[in-house]
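The chain below stands alone and is given as structure tokens, in the form predicted on its own.
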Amino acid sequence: MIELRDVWFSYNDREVLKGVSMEVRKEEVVILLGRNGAGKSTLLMHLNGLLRPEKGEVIVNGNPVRYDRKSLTKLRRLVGFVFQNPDDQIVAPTVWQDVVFGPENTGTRDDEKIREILRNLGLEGYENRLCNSLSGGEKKRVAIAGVLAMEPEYVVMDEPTAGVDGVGMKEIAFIVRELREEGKGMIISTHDLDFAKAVGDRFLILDGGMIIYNDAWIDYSLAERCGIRTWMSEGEVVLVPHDSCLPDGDFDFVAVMGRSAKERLEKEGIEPDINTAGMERAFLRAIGGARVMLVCSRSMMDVVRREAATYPVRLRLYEREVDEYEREGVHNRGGSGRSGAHHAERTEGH
């Protein structure tokens, strides 16, 4: 496991990392997200000794990193680094010369293993190609091959899909999944949420020099607020637990999910537009640009939030305690309260 413990780092007087603590385990893909200038590359460069923290420490496989030449050489065999721009990493004229450069200099060259790496990366037959004649995506794969030829236990990738087309992104996603299956630990910075969700096991968001989010899922709304590139429609799903007040405002559709939520809407005198497969259909309507209120049994809240992370939609939670007057209306007045007026406003918009 790689650990950062309370790491601080500055460029001149500008603090970039402020007490960052995190970990990367083997057989795990950790995705690092954040705005431009958030310090993602700076954080990554601490993982294999390219930068040294001013305070705090980096620990790899239980051993604190030492910064003498011999220790750093050993560290960089354990932790491979793929730079954002492959031209910063490619050092030899031909593909073969570049990929064998690292292991040849460390006395670990294994031509059979290197040929297997080239084959797995779709570079078989490229051995004698000049690196400066390759496309951006091909150069990315050569850079990855050069790192893998060192047989690291962990792989760090800084924006691997930058400047790569859709086909190249799928190829890199396939490579990442294969490396995870081989047992490697990986941490990848990216601005592409679709790529991140395709490969990530855990998601970190770096903002203001600190990790502000660390979880196994991430939704599109949170990503967008943190400056991450998403292809999200203008639609929205407003999630309302069945025992909350209902929000004012205009909605294109009202969806319901769960028995208690259906009973709540019946008591309010509201006829839902979507009452079967409510969650999926609400998401699909929002993808199409609609604003949808989804009233949900409280027991299903976590399910909705988890599933929302797989759709390119904004999910907003509306939760407000029902006061005594409104609670009486819910149970006795059958829709003469605020929600009935809200629904009338909504249906007039159709």
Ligand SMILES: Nc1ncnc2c1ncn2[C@@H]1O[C@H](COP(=O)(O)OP(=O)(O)OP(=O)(O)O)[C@@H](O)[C@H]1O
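So that there is no doubt, residue numbering starts at 1 and follows the sequence shown. What you see is a predicted model; the values in this text were computed from it and never measured.
Another form, the form predicted together with the ligand, is not on view; read the next lines as being about it.
Contact annotation: Asn36 falls within 4.5 Å of the ligand in the predicted complex, judged by heavy atom distances. Looking at Arg202, you'd find every heavy atom of it more than 4.5 angstroms from the ligand in the predicted complex. Contact annotation for Met22: none of its heavy atoms lies within 4.5 Å of the ligand in the predicted complex. The shortest heavy atom separation between Thr42 and the ligand in the predicted complex is within 4.5 Å. Per the 4.5 Å heavy atom criterion, the ligand in the predicted complex is contacted by stretch 28-36, the sole one of 55-63, 294-302, 28-36, 279-287. Taking a 4.5 Å heavy atom cutoff to the ligand in the predicted complex, the contact residue among Asp98, Asp219, Asp273, Glu159 is Glu159. Shown without its partner, this chain lists Lys139, Arg264, His191, Lys184 as candidates; in the predicted complex, only His191 has a non-hydrogen atom within 4.5 angstroms of the ligand. For the partner-free chain shown, nothing in 285-311 comes within 4.5 angstroms of the ligand in the predicted complex, judged by any non-hydrogen atom.
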